[in-house]
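Listed next as C-alpha cells is one chain, alone, in the form predicted alone.
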Amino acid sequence: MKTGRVTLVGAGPGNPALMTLKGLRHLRRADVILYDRLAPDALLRQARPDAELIAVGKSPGDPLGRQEEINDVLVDRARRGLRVVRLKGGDPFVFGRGREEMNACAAAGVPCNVVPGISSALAAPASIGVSLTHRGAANAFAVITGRSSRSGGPPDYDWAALARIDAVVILMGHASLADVAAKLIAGGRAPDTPAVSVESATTSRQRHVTGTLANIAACAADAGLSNPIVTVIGEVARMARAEASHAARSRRARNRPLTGRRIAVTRASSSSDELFRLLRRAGAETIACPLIRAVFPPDADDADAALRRLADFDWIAFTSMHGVEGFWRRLQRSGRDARSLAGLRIAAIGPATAAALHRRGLVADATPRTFTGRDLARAILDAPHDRRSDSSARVLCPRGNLARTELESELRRAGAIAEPVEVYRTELIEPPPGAAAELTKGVDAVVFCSPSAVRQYATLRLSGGDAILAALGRTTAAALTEAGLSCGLVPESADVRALVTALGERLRREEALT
C-alpha cells in the first residue's frame, strides 16, 4: 500500500476566518484530522463527512494526548495510505511541538510537510491595537512560554536578558503569570512597566485587562480571565485600546446579543448551515454536537416504485430537509428531473424545508403557519383540489425511518390517501469527544432540531450544565418533555431566525436579573 502523508496545519489564533487558504484546502481533503483543544469548531465542520476526527488536545495538567501517542497515531494512519492533517492552534512551530511530530514522521519514513498558521503571539496584541515593534517604543520583542513541560511553571530563562528586551509576549502563562512577573522584576525590569493580558483573542469572547508588570496577574484574576491568555509586557502595552463606552457596549449587545455565549447544536453542520451562521453572526461560540446523521441508502425500492407512479398523486409532502435531499437523489437516480413533477403540488413543513426545495428550483405550494405534521396535513386538506372533486387527495410522503407518523395519520383520518416512502435513514451516533468535553465544561444553551436528537441526548445522559434546552418546533419541544427534560425555549415560529432571536432575548433577560 502506498504511504500517505502528514500535514501539520496551523489553525490560527482562534477566529476560523484567520486560517490560511492552503490550510483550509488540506483540511477539506483530509482522511484523518487530529485536532487540538483550541481548534475552532467551525474549522472542524469543514472536514469531509467521512473524515476521521481525533481529539488530542492537552489542557494544563491534563495527560490526554501524550505526545508519543499522538506521534504513533500520525504514523499509523499515514502508513495506511491516508492523508492526515494535524490541526494545531496558532502556528505548528511556535510552542506547538510541530518539529517533534515532523521528526517522528521522518524516523518512520512518512512524508510530512507544514502549513504555517498565524500565531496568537502576533494576533493577540494586534487584536487590541498593540504593535510589538512600534517605532520609538520597541525595536525587538521576545515570545516565551509561561509553562515548562517538566515543572509546570516557567522555564529557567535568563531573566536578566529577557528583562532588557523591549517587549515580552507570554503564551500559556495564565497559571504562572505572577511568577513570571516576579522573575522579570528580579531580573531588572521596572515594576511599573505597562502590561496587558488578552483572553480568547480574535474570537467573540475576546476581552483584555491592562495593568503594570507588578499587578497584571492580580488584574487578570480580578477580571476572571481564563485560558487561553496572551500577555504583553513593555511600553507597547500602553497602546491597548480602552474598553468600549457603556453606549458602545449597549449598541454592540443589541447587534450581537449572543456575544460571549456558548451554544451547542445537536446536529452536524456544513459551512453553509444557516443556523450556525446566524448564531455566529449574533456573536455566539458554536459547538457542533451531532447526535444523529442522515444516511441515504443506494437502494430504496418503495420510493423508486412510487416515482414510477407520480401521475397517481396530487401532492408530495416534505417534512424535513433530509426528505427533500433523499427524494431528489432517488429522482436523479431514476433518470428524471423536476419536469417529472409537473402537475403535482408540493407541501413543505417549514421554511428550512421550503428553502431546500427552492435550491432545486421548486416552490412549495403550501407551508403551514405552525410546523407540525397535523398542520401540514391541514394545509393540504384545506387547499382546493384541482384534479379531483372528492376529498380523497393522494399524497406521497417521502420520509425517514424514524419520522413521526402524524402527517399520514391526520391525512387518513380525513379520508385522504397517504403513501409514506422511506428515502433516508436516521442513525443515532455519539458526539465527537471534543464536543462532549465542551458540553461537560458547560454551555449557555443546547439547541435541538429534531425529536431523534432529543432521544439520543437523553439516552447518552449528556448534560450541558445549567444550559437552556431550546427546541426548534413544538414537536421537538414535546420530545424534550417526554424524555423528562425541561424545554426552556421554543420560538413561536419554528425557523432558525426566530430561534436565534429568542435565544438572544432570553439570555439578555437572564443577564439583567443577575
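Quick caveat, the model's predicted, so the values are computed rather than measured. Sequential numbering from 1, following the sequence displayed.
This next part talks about the form predicted together with a small molecule, which is not shown.
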query: Partner contact for D91 in the model of the complex: the small molecule, 4.5 angstroms, heavy atom; finding: yes
query: The small molecule contact at M172 in the model of the complex, heavy atom, 4.5 Å; finding: yes
query: Contact flag, F95 vs the small molecule in the model of the complex, heavy atom cut 4.5 Å; finding: yes
query: E199 within 4.5 Å of the small molecule in the model of the complex, heavy atoms; finding: yes
query: Answer option from T266, S176, T319, S119, heavy atom within 4.5 Å of the small molecule in the model of the complex; finding: S119
query: Single option in A237, L279, I229, I349 placed near the small molecule in the model of the complex, where near means a heavy atom within 4.5 Å; finding: I229
query: Stretch from 333-341, 199-207, 349-357, 301-309 whose residues place a heavy atom within 4.5 Å of the small molecule in the model of the complex; finding: 199-207
